[in-house]
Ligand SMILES: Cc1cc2nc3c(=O)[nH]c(=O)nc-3n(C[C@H](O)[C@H](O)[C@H](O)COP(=O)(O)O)c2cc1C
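To begin, one chain is listed below as structure tokens, in the form predicted on its own.
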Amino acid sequence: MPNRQVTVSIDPESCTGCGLCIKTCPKQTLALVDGKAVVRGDESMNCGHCAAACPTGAVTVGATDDKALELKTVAVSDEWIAPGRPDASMVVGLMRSRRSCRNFRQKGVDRQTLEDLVRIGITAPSGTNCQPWAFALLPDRETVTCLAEKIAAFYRRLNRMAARAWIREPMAWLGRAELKNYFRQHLATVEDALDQWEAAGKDPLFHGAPAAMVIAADNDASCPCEDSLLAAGNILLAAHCMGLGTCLIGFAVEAIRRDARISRWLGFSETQTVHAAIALGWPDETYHRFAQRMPPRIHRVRP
């Protein structure tokens, strides 16, 4: 469960009574008494909005850590950037330029860079500020290969089961059509990928990436899947800015979710579920223009 204990403290000497901390508090934890902000609520989201809004630095949130967002490989200004100040065209250009990378150089990725990407990831929003993330870092090719082999073993077992009509058909009759759908949509592709992995030494799963990251979240969070994917989105964009290539690996997520042994090997507990896996490395591919997208489906809602 997220920490809802009130850890806010206010320095009355520094407080000017402007009320900005109270205005931004989503839990009404603070109140204005005799011209000063004071703690009045018995629950807090520990989101830090109050401290960030205070112009004099009078508010402190004990549950937060100033060093949690410190980066070692990127120089970052402490200045808050107000809405409307960034160059929107550059931000959009970054988003359009990021591509899924499936060709990597064999140059390793420094562990400090991976840890900085985690710190960038946790700047993402999370439902009711649960901040439920847990990250497993695979910092070298040997570790990535070990994970890939565990995932390959899962799909070998799954393929053997799906190939047996006497298993998949009765399950479909009982309303459990997942195995039948897998047989129809994915078995042949996965079988071919396993052959490439075992016979040809190719890596169709992580594409030969020299590093990887797996993101899980606490099951009792408000929206753990969304929180994980928002953090992953931050990581993908930041990695592009650092010169790294990335690729989300959905087949890895499915295997880890269904095989608790892999999840435990990654260090996750039974109360956490994996929602994203990212291959990381220095790209061995170059693009010259934006890739296009299919037209979006937009519903215009009226009262």
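Nothing here was measured: the structure is a model prediction, and the numbers come from that model. Residue numbers here begin at 1 and follow the sequence given.
Beyond what is shown, the protein has a form predicted together with this ligand; the following relates to that form.
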Q | Answer option from R119, H207, R141, R168, heavy atom within 4.5 Å of this ligand in the predicted complex | A | H207
Q: Only one of R111, R184, R102, K202 comes within 4.5 Å of this ligand in the predicted complex by heavy atoms, so just point that one out.
A: R102
Q. Even though this ligand is not shown here, does P55 get within 4.5 Å of it in the predicted complex, heavy atoms only?
A. no
Q. Could you tell me if L248 has a non-hydrogen atom within 4.5 Å of this ligand in the predicted complex?
A. yes
**Q.** Partner proximity in the predicted complex: K180 to this ligand, non-hydrogen atom cutoff 4.5 Å
**A.** no
Q: Using the partner position in the predicted complex, report whether R293 sits within 4.5 Å of this ligand, counting heavy atoms only.
A: yes
Q) 262-270, 42-50, 24-32, 240-248: which one contacts this ligand in the predicted complex at 4.5 Å, heavy atom to heavy atom? A) 240-248
